[in-house]
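Given next, in structure tokens, is a single chain: the form predicted on its own.
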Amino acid sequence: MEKRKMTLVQRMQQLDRRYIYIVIAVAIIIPLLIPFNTKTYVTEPTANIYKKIDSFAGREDKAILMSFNHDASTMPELFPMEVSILRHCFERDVKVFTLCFMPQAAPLVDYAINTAKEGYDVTSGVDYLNFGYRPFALQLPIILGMGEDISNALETDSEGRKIENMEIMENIRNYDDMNLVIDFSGSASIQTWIIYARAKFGANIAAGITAVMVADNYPYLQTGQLVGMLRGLKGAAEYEKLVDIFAAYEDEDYPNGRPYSQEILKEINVPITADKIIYEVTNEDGSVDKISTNAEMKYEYKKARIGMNAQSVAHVMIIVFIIVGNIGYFLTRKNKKLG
């Protein structure tokens, strides 16, 4: 008896799943090795955090606290957020403090600071201060204690130095001055800050969370208990873009300005002349500032956006396989009925 040849639909249905995994793996790896520029839309929860931090620029009486409540397993989503915010603070002369209640997070804090401060003239105890690791059992007393006096609640930094007389502590006493707390976590740790620091002392709280935790935290965002929220790798990419746009500003007041990425150059669509771009920004008072920067220099602060490219391609490939698989399934079932 002659063996019937398999149709294309039947071959699709019997395709070894290992080939599918290989295709998806290649689709992820290529965007990581050969980055391309895609448009990143900035949402309000991300922009609100940026605006709040930027409002502290150059002020001696304002600072932010970054709480690292995660381990290495969630680094792909949270680490780009942390580095971007630290770079924003270093570029805009915003005092920044770091703290963690997990021993696994302590080296991540050091890694983030060391990564972010490359290229900046910043000093520990002057521009930033790492309070280091504190046991989880002390979390509540510390959160409540900082509402009264930070120096009494923590006393020393990660290097064992007394913080009371450090330069960075001038004009910084409690949540009135350390006026924004950003908790980075893949869990529900943000609720502790909301319940105690927000409810008791009126501290501004923001969240940097993994994508799977977004739905759980939207109610706090909608009620105003969170001033903003960075949501997974997408939120990190959005914040990177904001830093890219505004930190590129360079003049006598902002000497740390740096080049735009090609993504931003393409979006603002400005002429490039003599290796320079001129971009005008209109301020609230009606005055116009001109930005001049070198368009040829390599842009390096795109890790989250590169990751988003790979993630987007992977999602598209998965959707394609789902659609093709369902088409094959229904065609096969139809052929069986007709046969």
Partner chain sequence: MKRQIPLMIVMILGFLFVIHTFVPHKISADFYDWWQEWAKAISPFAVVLGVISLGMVHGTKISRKAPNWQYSLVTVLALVFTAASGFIWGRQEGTPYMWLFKNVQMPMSATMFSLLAFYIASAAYKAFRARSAEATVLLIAAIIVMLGQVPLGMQISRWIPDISTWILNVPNMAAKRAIMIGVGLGMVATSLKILLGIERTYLGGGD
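Residue numbers count along the first chain shown, from 1. The structure displayed is predicted, hence computed values, not measured ones.
Absent from the display: the form predicted together with its partner chain. The rest refers to it.
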* **Interface stretch in the predicted bound form with its partner chain - options 172 to 180, 121 to 129, 90 to 98, 75 to 83, non-hydrogen atom within 4.5 Å** => 75 to 83
* To do: Could you confirm whether Ile20 comes within 4.5 Å of its partner chain in the predicted bound form, counting heavy atoms only?
  => yes
* Asked: Heavy atoms within 4.5 Å of its partner chain in the predicted bound form: does Ser312 have any?
  -> yes
* Answer for Asn114 alone: is it within 4.5 Å of its partner chain in the predicted bound form, judged on heavy atom distances? => yes
* To do: Although its partner chain is absent from this view, report whether Pro219 comes within 4.5 Å of it in the predicted bound form, heavy atoms only.
  => yes
* To do: Spell it out for me: taking its partner chain in the predicted bound form, does every residue among Ile30, Glu164 and Gly202 have a heavy atom no farther than 4.5 Å from it?
  => no
* Does anything in 307 to 332 come within 4.5 Å of its partner chain in the predicted bound form by heavy atoms, and if so which residues, in order? -> Met308, Gln311, Ser312, His315, Val316, Ile318, Ile319, Phe321, Ile322, Gly325, Asn326, Tyr329, Phe330
